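Form predicted on its own, single chain, as structure tokens, below.
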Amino acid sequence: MIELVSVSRCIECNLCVKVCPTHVFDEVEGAAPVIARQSDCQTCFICEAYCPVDALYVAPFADRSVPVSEDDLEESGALGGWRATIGWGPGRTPIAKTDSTPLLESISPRRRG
């Protein structure tokens, strides 16, 4: 469930507002978006993945909110951690390039050449 929008990191691009499928955020003129409907969060991590400055934290619990500290998240690297895990962002390797599971090969047509 979405737990935090870091006001100090947010660049007010409102991508999180635009990509959230359940409209959890409200856009605020001249300020960071606010989490307006936290209980509607599906824990899909889309907002965190799209945030270009790692200003969001989504906890891996879909059924409950958990208390978080921005300082603790910052120190542990968890702020924007999902985005880093999937390799989105400058200097990161997309996880698709390192994935060695045979699933895609087993369902994809064989390539020639």
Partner chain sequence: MSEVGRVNGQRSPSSEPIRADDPIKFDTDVLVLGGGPAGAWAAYGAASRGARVTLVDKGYLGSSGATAPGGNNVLYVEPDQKLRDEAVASRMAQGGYLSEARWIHRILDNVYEQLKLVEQWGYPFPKDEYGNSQRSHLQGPEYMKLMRNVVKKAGVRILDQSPALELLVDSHGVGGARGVSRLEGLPWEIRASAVVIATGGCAFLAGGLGCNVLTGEGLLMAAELGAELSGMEFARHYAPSAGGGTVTRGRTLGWGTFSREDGTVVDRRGDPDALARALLDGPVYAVLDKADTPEKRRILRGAHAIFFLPLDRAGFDPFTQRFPVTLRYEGTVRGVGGIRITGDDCSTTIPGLYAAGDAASRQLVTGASSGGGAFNAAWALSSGGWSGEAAAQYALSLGRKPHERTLQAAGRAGVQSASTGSASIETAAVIKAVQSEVFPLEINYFRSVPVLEQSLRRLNALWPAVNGAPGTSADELLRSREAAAMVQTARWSHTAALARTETRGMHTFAEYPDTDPRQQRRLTTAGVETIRVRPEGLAPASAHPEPHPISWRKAVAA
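Positions refer to the first chain, counted from 1. The model shown is predicted, which means the values in this text are computed figures rather than measured ones.
Another form, the form predicted together with its partner chain, is not on view; read the next lines as being about it.
Trainee: Does its partner chain come within 4.5 Å of any heavy atom of Pro102 in the predicted complex?
Mentor: Looking in the predicted complex, residue contacts with its partner chain include Pro102, since a heavy atom lies within 4.5 Å.
Trainee: Mark Pro60 yes when one of its heavy atoms lies within 4.5 Å of a heavy atom of its partner chain in the predicted complex, and no otherwise.
Mentor: Flag for Pro60 set to yes.
Trainee: Is Arg92 part of the interface with its partner chain in the predicted complex - any heavy atom within 4.5 Å?
Mentor: Taking the distances in the predicted complex, the answer for Arg92 is no, it never comes within 4.5 Å of its partner chain.
Trainee: Look up in the predicted complex whether Ile46 has a non-hydrogen atom within 4.5 angstroms of its partner chain, and give yes or no.
Mentor: Flag for Ile46 set to yes.
Trainee: For 15-40: residues with a non-hydrogen atom within 4.5 angstroms of its partner chain in the predicted complex?
Mentor: Contacts from 15-40: Val17, Lys18, Val19, Cys20, Pro21, Thr22, His23, Asp26, Glu27, Val28, Glu29, Val34, Ile35, Ala36, Arg37, Gln38, Asp40.
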